[in-house]
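The chain below stands alone, shown as structure tokens; this is the form predicted alone.
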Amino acid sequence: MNYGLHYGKYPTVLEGYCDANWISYTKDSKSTSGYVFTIGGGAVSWKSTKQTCIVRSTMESEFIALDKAAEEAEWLRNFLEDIPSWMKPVSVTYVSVKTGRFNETLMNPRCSRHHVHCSAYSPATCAMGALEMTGQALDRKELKWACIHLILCIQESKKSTRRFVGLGSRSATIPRRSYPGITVQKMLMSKQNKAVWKKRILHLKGDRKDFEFVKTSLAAEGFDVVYDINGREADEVKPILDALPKLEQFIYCSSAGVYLKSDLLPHFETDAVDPKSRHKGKLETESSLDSRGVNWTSLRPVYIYGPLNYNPVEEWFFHRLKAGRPIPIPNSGIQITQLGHVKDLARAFVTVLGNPKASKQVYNISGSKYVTFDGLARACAKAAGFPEPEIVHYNPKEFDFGKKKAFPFRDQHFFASIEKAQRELGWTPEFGLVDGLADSYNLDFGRGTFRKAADFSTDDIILGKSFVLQT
């Protein structure tokens, strides 16, 4: 069989295509660049070669590939200029960079070092979460699943030179307790990336309530910064602080649920807190950190949504939309709430790292828009490509659901101001609600994965009542 290149008369435009394969060979940790240029539909220049430096992210390898392609494009364009019979001026050169879904979403260039605060030193950082890379599983219940996105953002932000527990060149994660795992490799990581990470991660597995284990494990490694993603009680902080007397920063994931219910909204960081809240342990943790004289920062998310959500917030709507069922919403449906995308929360965690403005400060973190319950149902349908949903309103006081939860949100207005984080940190959410819900659906539920199987038992009770008012 004969092979050859065929050149047509048109188009007479120099077109280029480039791509990169990040660390395709783990023994030398080198990435591969490749490009091809065509004129008239046929290739005129092409190359595939290993990159000469070791990069720490897919984004870096893509930029290096693009740089090499740009050099070749410039040479080819100058060459065409020197051909007497070539049409002048030489047409614009088009260069297409191929990026996969993984690069466009989880390893997002928007998380690069140019958009986050970077300090000059390289401290070791400990993330107290429930991330297990070696076992390919995430403990779903106690994990603020922002942990995985936080790791990805920090890696992409060039802070990977820091020593991390759970993050960066060395890591450990300490689960609170064991729960059935969910596969990470299928959803977030390629086999190639996972193999690289496996070599760079030290996983300390144990019970977080085993304070002696926590203290001795962290003291043996030594870390400068702690990310506490799943802490709930103040006594959980003491062994960490005792183990790390030279700690430079403690970054804590709290909750906007600590605020006292109020008629004056949105909630600000200076608002009264509820000492009887189910999140009172987080309040006590903040007080404990302050009393120990630690340089701490606390983030208070409202409702979080996004891929791998352990709390079935958007999943609750997706199950009903997929089944073509009505969506039961308590009372009028005009209750206002607020959701923040997990990747925006992860960027906030990165932004406060080593940032002097964040010292001993609390920040509300969520989306920039508020939404009604009815509006959220419609937004989920729009994001996932389902028809306009049928919404059924009901009075919760007329039903006895036992211990089952009929609706995933608290039946009240609940939202917070993010002005302080925007003003002091320069952080702002990048995901609109519909775009963020689409991201969550496409990377999780739309792939057939979810945390909880559909349970419509409470829906059937509501819909079976003759006095239910329907919209």
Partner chain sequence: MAAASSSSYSVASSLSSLRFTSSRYLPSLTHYYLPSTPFPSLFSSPSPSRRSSYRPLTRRPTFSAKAASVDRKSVLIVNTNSGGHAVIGFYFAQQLLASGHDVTVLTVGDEGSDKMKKPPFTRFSELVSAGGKTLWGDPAKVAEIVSGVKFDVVFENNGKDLDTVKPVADWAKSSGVAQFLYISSAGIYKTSDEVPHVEGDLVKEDASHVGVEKYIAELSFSSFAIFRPQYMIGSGNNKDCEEWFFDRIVRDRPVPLPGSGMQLTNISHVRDLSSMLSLAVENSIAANGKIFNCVSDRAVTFNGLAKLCAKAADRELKLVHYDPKSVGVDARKAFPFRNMHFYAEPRAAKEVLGWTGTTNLPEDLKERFQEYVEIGRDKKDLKFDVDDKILESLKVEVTA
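Residue numbers count along the first chain shown, from 1. A quick note: this is a predicted structure, and the numbers were derived from the prediction, not measured.
Beyond what is shown, the protein has a form predicted together with its partner chain; the following relates to that form.
Interface residue among Lys215, His393, Arg292, Arg378, judged by heavy atoms within 4.5 Å of its partner chain in the predicted complex: Arg378. Contact annotation: of the candidates Trp427, Phe415, Tyr35, Phe445, the single residue with a non-hydrogen atom within 4.5 angstroms of its partner chain in the predicted complex is Phe415. In the predicted complex, Arg325 stays away from its partner chain, with no heavy atom inside 4.5 Å. Its partner chain in the predicted complex comes within 4.5 Å of no heavy atom belonging to Ala421.
In the predicted complex, its partner chain sits beyond 4.5 Å of every heavy atom of Asp82. The closest heavy atom approach of Lys369 to its partner chain in the predicted complex falls within 4.5 Å. Residues of just one listed stretch (227-235, 355-363, 341-349, 264-272) have heavy atoms within 4.5 Å of its partner chain in the predicted complex: 264-272. Scanning 324-344 for heavy atoms within 4.5 Å of its partner chain in the predicted complex gives Ser332, Ile334, Gln335, Ile336 in sequence order.
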